[in-house]
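Presented below, as structure tokens, is a lone chain in the form predicted on its own.
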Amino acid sequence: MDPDEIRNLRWPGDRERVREIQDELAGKRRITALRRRPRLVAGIDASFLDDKIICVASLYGLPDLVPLEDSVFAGRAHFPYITGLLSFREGPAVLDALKGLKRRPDLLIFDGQGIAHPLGLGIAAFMGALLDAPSVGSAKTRLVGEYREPGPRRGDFADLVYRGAVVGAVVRTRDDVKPLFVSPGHRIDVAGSVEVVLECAPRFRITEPVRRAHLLSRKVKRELMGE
């Protein structure tokens, strides 16, 4: 499917097409070992202000983890807030933010879920399959699954299990700090997702690319509010 198709979807008129797209993307999604080490990683985060969405893609270079460029999109969200369909609300803004980058990322990290999702299609899995790009979800809260608390040290992790399958990992990125819920989105597996997140989170609980995107999206939001 053409990624730009999701820009024109409206609810409830396109209800059937929305369901078809979910099925298509779930069928395209692949959880496999990462083929090559990424050199360009983009962290993606979005915030909302009424019916406006601010989405930021922050590109970093590996292995030095240096910020290279940011792309900001701010515009109207045309798809309503509906539980289970949030990717259709955020997706068009993600496309625009990524389009603003001068270089194409080798991997995308989202502040959200990958396959650790009731449909196996959180924002990281949805956008990864839509763009056929390696993608990882790194969420601060659990959406689905059961787990045992990982050890207290950075790098400790435990399997996140949902309906009898391992869908991610609960990863300690800092000593004695709440873990992240990491799950693969597309063209990467659980082990690779954990490795990427730990490499990109040397100082803080969340990864540097997502943290930068988060801070910038909030800054733009405050500016739009006139603060």
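Just so we're on the same page, rigid core means the largest C-alpha set that superposes within 1.5 Å between forms. Bear in mind the structure is a predicted one, so any value in this text is a computation, not a measurement. Throughout, we count residues from 1 along the sequence that is shown.
Form predicted together with the DNA: not shown, discussed below.
Only one of 19, 10, 218, 203 lies close to the DNA in the predicted complex, with a heavy atom inside 4.5 Å, and it is 218. Stretch-level contact check against the DNA in the predicted complex with heavy atoms at 4.5 Å: of 93 to 101, 117 to 125, 148 to 156, 67 to 75, the positive one is 117 to 125. At a distance threshold of 4.5 angstroms between non-hydrogen atoms, residue 134 is out of contact with the DNA in the predicted complex.
Residue contact check for residue 169: none of its heavy atoms lie within 4.5 Å of the DNA in the predicted complex. A residue is said to contact a partner when one of its heavy atoms sits within 4.5 Å of a partner heavy atom; residue 214 meets this definition for the DNA in the predicted complex. Interface membership of residue 139, defined by any non-hydrogen atom within 4.5 Å of the DNA in the predicted complex, is confirmed. Taking the partner from elsewhere, every residue among 45, 85 and 112 has a non-hydrogen atom within 4.5 angstroms of the DNA in the predicted complex.
Put the two forms on the same core and the Cα of residue 152 is off by less than 2 Å between the shown form and the other one.
Here residue 84 counts as shifted, since its C-alpha moves by at least 2 Å between the shown form and the other one after the core is aligned.
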